[in-house]
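First, one chain by itself in C-alpha cells, the form predicted on its own.
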Amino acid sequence: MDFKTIAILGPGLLGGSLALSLRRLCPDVQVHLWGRRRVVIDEIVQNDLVDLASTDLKEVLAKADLVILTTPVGIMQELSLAIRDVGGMASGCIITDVGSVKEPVMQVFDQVFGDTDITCIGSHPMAGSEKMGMAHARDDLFEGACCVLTPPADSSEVEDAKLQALQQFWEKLGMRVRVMPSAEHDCLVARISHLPHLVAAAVVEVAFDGEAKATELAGTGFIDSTRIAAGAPEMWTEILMENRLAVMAELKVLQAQLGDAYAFLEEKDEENLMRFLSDAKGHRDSVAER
C-alpha cells in the first residue's frame, strides 16, 4: 500500500465500507473519516471504527496522501473548494471519489485543483446496495466487484504513476479495475446501472397501476427484478439528472427493443419472440457466469 494516511469524506454506505475494509485489510494505514453530523461521528468514535473521526475537515485532511470523496455528486464542488481552502494534505496528495457519474466530477476537479500539485483521478467502485448509511456498511462490499478509474485526459508521467498507485489501492480491496475516459464511463453506466433503475421503477409503477391488486400476487420474482427501485429517490434523482443525456440516449434504445417485443406479440410472431428471449437469456447468463 503506497498510502500511509487515507481521509474518507462521508460516512455513508461506501465511506463506511471503505473504512471497514481498510481496517481489516490494511491495518497499518491511518484511516481518517469526516462527516457533517456529530451524532454519526460520535457513534463511529465509540465503536473505534477508524483511527480518527471528526466533523473538523482540517483535522481529517492533515497529512493525508489519499483523499476519497464518498459524498453525493451534487456536493462535490462545495466539498472540493473546502478541501482546497483548508489544505494540510501531504505533498503530492491524490484526490478521488466514488461517484457513479464521472464527467461532471472530473470537470469540478479540473476547475478546483487544476492549478495545484494535487492529482485528481475519478473512481467508481461498482459495489453498493439499495440500503443506505453507515449502519449497512460491510468490510467485504468491494470484493470481486469492478472499479472504473477515469484519469485526466492529459495525464503526465507523474499522474500515470499515481494512477497505478490508485489502481493498486482498489485491487488491494479485492476489486477488478478498468481505466477509461470519463465520458465513455458515463455512457456505459447509463446502460447497465442508470437505465435499469428507471426500468425497475417503471415496472413497480405498472404493478400498482389501476384498481386491480396485482401486488397481492407478487412474489420473489417481482421483488428480485425490482430490488434496485428501493434505492434512495434523492440520490437517484441526482444521478439521473447528472447523466441525463446518456440515459436519454439509452431510453431510446430501450423504446426500440420494447417496440419490437410489442410487435412480436401483436403479430403472434412466436419465432422472433423466442429468439428475443433466448438472446437475452444467453447474454444475461454470460454476465452471471463471469
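Quantities reported herein were computed from a predicted structural model and do not represent experimental measurements. Quick note: we count residues from 1 along the sequence shown, nothing fancier.
One more form of this protein, predicted in complex with another copy of the chain, exists but is not displayed; see below.
**Q** Using a 4.5 Å cut on heavy atoms, which of L52, L240, L57, V29 is close to another copy of the chain in the model of the complex?
**A** By the 4.5 Å criterion, the partner-contacting residue is L240.
**Q** Please pick, from G174, G88, P104, P196, the one residue with any non-hydrogen atom lying within 4.5 angstroms of another copy of the chain in the model of the complex.
**A** If I apply the 4.5 Å criterion carefully, the residue I get is P196.
**Q** Mark E205 yes when one of its heavy atoms lies within 4.5 Å of a heavy atom of another copy of the chain in the model of the complex, and no otherwise.
**A** The answer is yes: E205 has a heavy atom within 4.5 Å of another copy of the chain.
**Q** Taking another copy of the chain as it sits in the model of the complex, is L273 near enough to touch it, meaning that at least one heavy atom pair lies within 4.5 angstroms?
**A** Contact check for L273: yes, within 4.5 Å of another copy of the chain in the model of the complex.
**Q** Going by a heavy atom distance of 4.5 Å, is R244 a contact of another copy of the chain in the model of the complex?
**A** Residue-level check for R244: yes, a contact with another copy of the chain.
**Q** Just to confirm, E234 within 4.5 Å of another copy of the chain in the model of the complex by heavy atoms?
**A** So E234 counts as contacting another copy of the chain.
**Q** For a quick test of understanding: in the model of the complex, does each of E211, D269 and H283 have a heavy atom within 4.5 Å of another copy of the chain?
**A** Yes, because E211, D269 and H283 each have a heavy atom that approaches another copy of the chain to within 4.5 Å in the model of the complex.
**Q** Choose from 78 to 86, 164 to 172, 142 to 150, 96 to 104 the stretch whose residues reach within 4.5 Å of another copy of the chain in the model of the complex, heavy atoms counted.
**A** Within 4.5 Å of the partner lies stretch 142 to 150.
**Q** Going through 159 to 183 from first to last, which residues have a non-hydrogen atom within 4.5 Å of another copy of the chain in the model of the complex?
**A** Residues within 4.5 Å: R176, R178, M180.
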